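Presented below, as structure tokens, is a lone chain in the form predicted on its own.
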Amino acid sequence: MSWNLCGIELRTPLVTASGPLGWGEEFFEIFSTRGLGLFIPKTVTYNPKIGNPPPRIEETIGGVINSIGLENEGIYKWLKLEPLYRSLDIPVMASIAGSTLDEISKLGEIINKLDYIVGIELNLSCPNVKGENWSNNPSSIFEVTYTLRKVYNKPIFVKLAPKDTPMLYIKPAIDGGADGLTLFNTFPAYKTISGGLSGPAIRPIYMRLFREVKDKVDVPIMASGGVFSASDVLEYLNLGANAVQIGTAFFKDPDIAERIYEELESFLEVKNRDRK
């Protein structure tokens, strides 16, 4: 299995969704990249960010609500991970967010100089922060995407929120210079905390929204939302996804990407055998 994502060669269509594996230091000390085609670390901001007060994680039926709030140590701490990212045998795409256009521009300028980073996922839609969620306003989506496009030369994937009128928010991203899309971020939810719902419960909703937009856009799309098995991946691929992100499933099984990859290989072997 080999895949091309805006000129980025992936050995599999499986991508880590930004967030669950952090910046990768602890994960890759123990687990391999087998099964993965692309690593997207947790979102980085220009300045260090404390995040939201606890409690920040809550389990619910069919998923998890998180209210982390994009906690991270900022771009200059993230840059120190260069040796790790160079050592991986898969490409690395940065995920960035910012509360101002100036922060987005500065992040783009810095990352544009990094030859070991193959692209940027522009996180405009984290539902549990104030300031970094640009995706509720189509004109803001255009403005922030265009700001990054002016300073960044490699592929930009804009990560958007699930909306009932998705094209209203997707078109400004493409018009602003996005090379691709990540559909979608977590779903705004509440149980005893407010945050973003992820996990199997959201997948049917996201598949419906995905179907609404796929035939209306000409850019590659990474599907994200509720993937826990090879059949989930195949459903997204059959809808036209160019790659599929795995997120919350890593909490249940850190080897999930390898298991899904092996299941996909077995499926393709059977399919090819049936053709003969």
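Not measured: the values here are computed from a predicted model. Numbers follow the displayed sequence, beginning with 1.
Not pictured, yet referred to below: the form predicted in complex with a small molecule.
Stretch-level contact check against the small molecule in the predicted complex with heavy atoms at 4.5 Å: of 194-202, 100-108, 86-94, 135-143, the positive one is 194-202. Although the partner is absent here, residue 42 is a contact residue: one of its heavy atoms lies within 4.5 angstroms of the small molecule in the predicted complex.
Residue contact with the small molecule in the predicted complex: residue 219 places no heavy atom within 4.5 Å of it. Contact between residue 24 and the small molecule in the predicted complex is not found at the 4.5 Å heavy atom cutoff.
Under a 4.5 angstroms non-hydrogen atom cutoff, the small molecule in the predicted complex lacks residue 37 among its neighbouring residues.
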